[in-house]
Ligand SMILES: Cc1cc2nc3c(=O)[nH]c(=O)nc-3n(C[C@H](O)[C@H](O)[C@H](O)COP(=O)(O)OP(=O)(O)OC[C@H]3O[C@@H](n4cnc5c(N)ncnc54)[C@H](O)[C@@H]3O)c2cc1C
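Next comes just one chain, in structure tokens: the form predicted on its own.
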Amino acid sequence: MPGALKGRRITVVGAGIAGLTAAIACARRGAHVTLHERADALREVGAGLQISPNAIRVLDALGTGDAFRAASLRSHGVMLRDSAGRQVTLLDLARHRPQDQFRLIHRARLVEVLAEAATEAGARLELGCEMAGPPPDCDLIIAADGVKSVLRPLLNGTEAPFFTGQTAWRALIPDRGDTPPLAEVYMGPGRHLVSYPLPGGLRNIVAVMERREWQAEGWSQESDPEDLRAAFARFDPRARGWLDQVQRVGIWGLFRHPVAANWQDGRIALVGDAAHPTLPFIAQGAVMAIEDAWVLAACLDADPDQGAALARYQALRQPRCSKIVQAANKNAGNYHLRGPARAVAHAGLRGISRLAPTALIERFAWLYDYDPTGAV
């Protein structure tokens, strides 16, 4: 029975990408949505995001596609290089997938677009609201409160993520806009660096290194830029030139979290990182959150039995998200190969690129061709 969400009282915990998208998707279907965000403002946290067409299909369906495109930059593809700067392979998305768009955006700009759309859809945003537990005055709680979710343990008990032995730095620097809009990945033994331009004359940098020193999880810790430069001192001069411009840099440890066994209990539903935190090696964290939000709202709107709708949501999303998380875990190892294994792998990628230039792109067709708007 389409229209089952009309009049439903929904509380969304967390006003990040997952929570805001869920609020839009539910409010546009007639639900009464309240967003609870513990921060007292939607600040500029994080940095760049790569958004692939599977998520853009949702943004278009929600009516936010034009605003999103105006705030983002179209990516032409992904360039893989070795640490000396030599090209390993180019995933030429603009040429080989011209029907799709892959876009680059600052996280804060995406949050702005979604927050404006959520307000226009009728959702009420309450800032500075700390949630200690499920509110009693609603029909459904959507837990979009991230990797440190206070609601996930209610469904899954206490879980202990483990430190991967990898540390990540994130920074923004000025960009002259004189290079193609590509995501460039420099791969070295035990470390890699990703960089791409953003609108507004900025360049995003994420650098990951394997080291035993433990780092806390989260983006709020600051690091000394000299430590970042020292970690990548043997990389290509172009990459080092970017790092020379870094004045402020955040640091965090990369932890593996299990995909939640239980995503819902009939009244609470997990979305985004609350359900499936993923390592940043396949650029799908924000994308999965956007997919989740649409599919959850569509399931709820299609079935007046909320318990059955939430069970269907989990059945549709859990296998796909688990596969994406596993692919991200695997990519971490591929980027950091050492010795003969590294030489063989890079030679293989160069050979594939010459003989079958679309083969590597098509390996991810299952990811990018997925249309969440037709899943329910």
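Start at 1 and count along the sequence shown; that's the residue number. Fair warning: this is a prediction, and the values are worked out from it, not measured in the lab.
Not on display, but discussed next: the form predicted together with the ligand.
- The contact residue chosen from R29, R342, H32, R38 relative to the ligand in the predicted complex is R38, the criterion being a non-hydrogen atom within 4.5 angstroms.
- Between the ligand and the residues G146, G85, P134, G122, the one pair within 4.5 Å by heavy atoms in the predicted complex involves G146.
- Although the ligand is omitted here, in the predicted complex none of R57, A298 and P372 has a heavy atom within 4.5 Å of it.
- Across the options 172-180, 86-94, 268-276, 225-233, residues that bring heavy atoms within 4.5 Å of the ligand in the predicted complex belong to 268-276.
- Under a 4.5 angstroms non-hydrogen atom cutoff, the ligand in the predicted complex lacks T64 among its neighbouring residues.
- In the predicted complex, G285 approaches the ligand with a heavy atom inside 4.5 Å.
- Taking the partner from the other structure, the ligand in the predicted complex has no heavy atom within 4.5 Å of any heavy atom of D244.
- Interface membership of Y196, defined by any non-hydrogen atom within 4.5 Å of the ligand in the predicted complex, is confirmed.
- For the partner-free chain shown, nothing in 57-71 comes within 4.5 angstroms of the ligand in the predicted complex, judged by any non-hydrogen atom.
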